[in-house]
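The chain below stands alone and is given in structure tokens; this is the form predicted alone.
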Amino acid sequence: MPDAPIRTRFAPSPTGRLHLGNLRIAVFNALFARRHGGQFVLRVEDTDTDRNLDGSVEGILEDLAWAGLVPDEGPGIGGAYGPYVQSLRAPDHGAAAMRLLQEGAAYRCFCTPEELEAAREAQRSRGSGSRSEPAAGSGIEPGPMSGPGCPGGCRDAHPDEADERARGGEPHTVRFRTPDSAIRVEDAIRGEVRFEGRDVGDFVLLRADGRATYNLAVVVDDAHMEISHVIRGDGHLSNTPKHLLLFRALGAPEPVFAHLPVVLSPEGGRLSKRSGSPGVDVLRRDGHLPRAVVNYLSLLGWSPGGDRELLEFRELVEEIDLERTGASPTTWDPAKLRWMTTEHLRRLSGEELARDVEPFLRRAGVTVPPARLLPSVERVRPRLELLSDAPEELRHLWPGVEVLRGGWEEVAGDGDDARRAIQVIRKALSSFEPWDSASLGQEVRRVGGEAGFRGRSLFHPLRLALSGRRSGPDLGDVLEGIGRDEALRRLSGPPEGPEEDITGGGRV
């Protein structure tokens, strides 16, 4: 562990909302920084302008906040190492490239796109392509030419001649002069990984339009922001020898590199948006708890030891490390995430659960009197797997005026005995104590039996009057959830007036 303060970064591209794979990288970086009292930095890498989408930065910040991974520094947050949007750092990237040119660590390449493609095609036909492919969608230039130079011999041209051609306006890129020797990457998860310089090749630093490539920009930004640990997906492992060479050429301290194992889809391919990786907004809509999502993602490659799986955020912060992170692929299991959300739901206090289900109730149009929300939620808690299950479960307790009226219409159709059964139970419950599910259920059966009502003749009219339905949760749960006043009101006859009058006012 270096002596410098721990600083990690999450560096997404603003191409849309975060998906599960992105969020997993943020989880590891945030937890690791918190574990060591360091800083978690958000940097937006927007240099691939063709793929950028308006509103993405705001969406990314919202998704991180939902997951409880609020950056210490970043766009809209500030910090001493800004700007935190990569395109705003273009002058620094260009200055670094010019410095490498002046020091002979880079050169100008005047090969045309047609010449480069012809060289690649020849390389493919010989079967001697690079063994280190760039990460998909990273905006990285295609793989190297055969050998360390470009196909046109630009590497060996005199710098003065190259500068003269550049001043004349001749299109060109700037390439790094990669040494033809082994490059050893010390990865905190995988150990030593060796790359050959001839396979890495002379990679592009500046495009023909003067924009920095990913490889140059990320190193300049990491160095400026004093990032101590680069924790990212294994798709970037092939970039790391290039980054090490650039850190050394620029005289910047090398961070610790840690490449998390690949996450596979349930079908076995690499997990991505295209292969079904859900967006964070989808996880939210489906009713997953953020603490469960963070817990689950932390276990995709890392283990706390023993048989433990359910950990709260503070426990993850206390225990996360790189030593117990494996290199073998791991698999995204949506059923496991659903189970984990269900288990975390069980751990919530009643107040927390009531707070978390409120947005789902509002979207579903389910009205619950504020004073009855907590006891109602507690009655349906055992049947919740996701927060999004709450509206349907609570509709059994708070079905709405029209449903209750419809229930009483069915009661009327069942005849006088149905109405008499309701009246008997209403009278018995008017002063009954204690008002809890088990006691209420026993009292309903006792009083109903004494009056000659059992089974269907008792429970069907009661359920219709209380919930407007012929099936649903145990009547004791319904009675406890809605409370005495509301229960007696419903058992007295069909509701009159608007919704607010029936439910006591207020909507959650």
Ligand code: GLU
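Keep in mind that this is a model prediction, so the values were computed, not measured. The first residue of the shown sequence is 1; numbering continues from there.
Below: the form predicted in complex with this ligand, not depicted.
- Taking the partner from elsewhere, L20 is found to have every heavy atom lying beyond 4.5 Å of this ligand in the predicted complex.
- Taking the partner from elsewhere, L394 is found to have every heavy atom lying beyond 4.5 Å of this ligand in the predicted complex.
- Among residues of the shown chain, R490 is not one whose heavy atoms approach this ligand to within 4.5 Å in the predicted complex.
- When contacts are judged by a 4.5 Å heavy atom cut-off, V368 does not count as touching this ligand in the predicted complex.
- Contact annotation: this ligand lies within 4.5 Å of heavy atoms from the stretch 211 to 219 in the predicted complex, the single such stretch among 211 to 219, 187 to 195, 289 to 297, 368 to 376.
- Checking H344, H93, R108, H236 against this ligand in the predicted complex, a heavy atom within 4.5 Å turns up for just one residue: H236.
- A single residue from the set R232, H229, R284, R89 has any heavy atom within 4.5 angstroms of this ligand in the predicted complex; that residue is R232.
- Annotation for 29 to 46: the only interface residue with this ligand in the predicted complex is E45 [heavy atom within 4.5 Å].
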